[in-house]
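Below you will find one chain, with nothing else, as structure tokens; this is the form predicted on its own, and questions on how it binds or moves follow later.
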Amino acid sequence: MNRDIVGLPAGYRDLLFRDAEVRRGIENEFASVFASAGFREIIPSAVEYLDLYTRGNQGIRERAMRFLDREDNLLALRADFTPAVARIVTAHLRDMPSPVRVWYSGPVFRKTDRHRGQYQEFSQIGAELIGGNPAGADCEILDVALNCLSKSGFPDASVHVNHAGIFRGIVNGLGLGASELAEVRSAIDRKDMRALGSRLEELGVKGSVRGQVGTLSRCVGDSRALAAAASSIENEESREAIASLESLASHLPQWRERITFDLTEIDEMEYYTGVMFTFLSPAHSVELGRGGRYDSLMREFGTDLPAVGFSFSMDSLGECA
């Protein structure tokens, strides 16, 4: 089949002149913040065994671009940086003093819906902190992320913060199967309180637990919203998770105005084990990046170390600059 050799396949693009300069400038600003905070750069391989993506976020494996090498090994173009970092720490950095601080930048490749104009190659920049005291590491990584945004031209950027333990603690009292739980999660994510309440009643969830789930669907705001949630949630795991969020914010007073507690952000709950971040640009109504604590992923690689990190979309950053 003849193809236009000066064009590109759907889902890919070139960056020229100003776009390239803007991206390089953002990367340089991030690199400066990382260096001053003690993070060292790594450049993971662009090719991994496909089996790498059987750990962590299972949806990534389904979207990985796969191929066979000459020995018939099933390989994939890099579809996510975090599993690669976990592999590198396990294979090469296990004996380094803890905590290990690393950062990275580069393209990732995922199958997307090209008919909706989604790119299949996009660039990320991020950092991971492996080991150390989890509470202190959560504060440190969030401080680094917000410093990166502030110094690279996003002084109004904000972060929505949640904790996986809050929803997880309530879920234990629901007694629902996987499909019903997915419905509840979707309703909370959409902030559809009417549908949520009706469905929970249909499923026979008792009123006290329905009330706690409803609290999650309304909790978006400052420390007062979080305090209101704490007063109505009964189980110990959820209350401890809320307390950890309160502590996180109290240790970052310089960013208090940038932090919003958002207990409705639960779409990646299966991946994260603790605090979760979603970084936003209010001026552009754009999500800039995500992050959080993922201790269980490190254990899947045979390294029992706590871990927390974040990644930003260079494409989103560049478009908003």
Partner chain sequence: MKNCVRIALPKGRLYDSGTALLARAGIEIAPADGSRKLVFPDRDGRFEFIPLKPVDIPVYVESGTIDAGIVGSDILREVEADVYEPVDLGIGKCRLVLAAASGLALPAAGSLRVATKYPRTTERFFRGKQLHVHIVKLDGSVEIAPLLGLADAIVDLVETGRTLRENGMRVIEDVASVSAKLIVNRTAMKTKSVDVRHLITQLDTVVYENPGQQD
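Positions refer to the first chain, counted from 1. Everything quoted here is computed from the prediction, not taken from an experiment. Take the two forms, superpose them, and find the largest set of C-alpha atoms that agree within 1.5 Å; that set is the rigid core.
Omitted here: the form predicted together with its partner chain. The next part is about that form.
Report task. Among 280 to 288, 44 to 52, 248 to 256, 30 to 38, mark the stretch whose residues have heavy atoms within 4.5 Å of its partner chain in the predicted complex. Result -> Selected stretch: 280 to 288.
Query raised in the report: Thinking of R194, V220 and E265 as one candidate spot, does its partner chain come within 4.5 Å of a heavy atom in every one of them in the predicted complex?
Result: Verified in the predicted complex; spot residues all in contact, yes.
Query raised in the report: Pick from R210, K111, H160, R239: which has a non-hydrogen atom within 4.5 Å of its partner chain in the predicted complex?
Result: So the residue touching its partner chain in the predicted complex, by this definition, is H160.
Query raised in the report: Which residue, R190, K206, H92, R224, has a heavy atom that falls within 4.5 Å of its partner chain in the predicted complex?
Result: Contact residue from the list: R190.
Report task. Give a yes/no on whether Q118 approaches its partner chain to within 4.5 Å in the predicted complex, heavy atoms considered. Result -> Result yes; Q118 sits at the interface with its partner chain in the predicted complex.
Query raised in the report: If we check its partner chain in the predicted complex, which of the residues in 293 to 319 reach within 4.5 angstroms of it by a non-hydrogen atom?
Result: Contacting residues: none.
Query - C-alpha of N73 moved at least 2 Å between this form and the one not shown on rigid core - result: After core superposition, the C-alpha of N73 moves less than 2 Å between this form and the one not shown.
Query raised in the report: Is there a C-alpha shift of 2 Å or more at S198 between this form and the one not shown once the rigid core is superposed?
Result: It does, since the S198 C-alpha is displaced 2 Å or more between this form and the one not shown after the core fit.
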